[in-house]
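The chain that follows stands alone, in the form predicted alone, written as structure tokens.
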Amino acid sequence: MTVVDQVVARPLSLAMKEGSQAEHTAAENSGFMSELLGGRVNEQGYADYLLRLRAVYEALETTGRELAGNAAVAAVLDPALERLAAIETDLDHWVGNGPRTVDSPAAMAYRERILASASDPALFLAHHYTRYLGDLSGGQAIGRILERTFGLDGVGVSFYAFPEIPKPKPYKDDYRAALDTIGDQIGEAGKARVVDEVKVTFGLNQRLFEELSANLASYRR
């Protein structure tokens, strides 16, 4: 049994996590993310990051609505997860009346990949999982760091607040259980395709962080 076979023989949620570990680690160890987690990114740096996320989540939530009639996608779709409205609220704080778009080849590539998944619901699951479970996990630490760094008192960090999900752990457990049920339905070949797309997704995140890292000299506090 190959390494790939060993990965996809596991429940889908575990296969997605373990099969993309190297790509996940590479993305989160980017220069920009390291500086952000260290509280060393200024207001402009965070605003530029948030503007890129706006493009990503607009595509993610648009595509989710298009696929809502698909049983597998419907099993994980939840309005409580959606982040676009929260991003808009946060941008009111970070950029005021400034532009809500940004010149970002990395964000546009990410956006186009998500939109393309409208023709393949299994691949959309990879994007949904990577973004939203990340928001409920490591994203929570980013929110706390921003609060401390800028003394925000809840303003400008709505992106990290999930008022309808007071207990992330049981929610994430239920989400993973739904993925595992989907994995049983799509078989080993389908699971392998989803795992491959999770790897792609982390690669797209890494490109986004690399783009931001190129501006670290102007972003440092």
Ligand code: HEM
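All residue numbers are counted from 1 along the displayed sequence. Only a predicted model underlies this, so the values are computations on that prediction, with no experimental measurement involved.
Although it is not shown, the form predicted in complex with the named molecule is what the next lines describe.
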The named molecule in the predicted bound form: within 4.5 Å of a heavy atom of each of K17, K172 and F202? yes
Against the named molecule in the predicted bound form, would S117 count as a contact residue? Criterion: heavy atoms within 4.5 Å. no
Evaluate L152 for contact with the named molecule in the predicted bound form, applying a 4.5 angstroms cut-off between non-hydrogen atoms, and reply yes or no. no
Against the named molecule in the predicted bound form, would A107 count as a contact residue? Criterion: heavy atoms within 4.5 Å. no
Is R131 one of the residues lying within 4.5 Å of the named molecule in the predicted bound form, judged by heavy atom distances? yes
Just one of 156-164, 63-71, 28-36, 182-190 has heavy atoms within 4.5 Å of the named molecule in the predicted bound form; which? 28-36
Heavy atom within 4.5 Å of the named molecule in the predicted bound form: which of A75, A86, V95, I142? I142
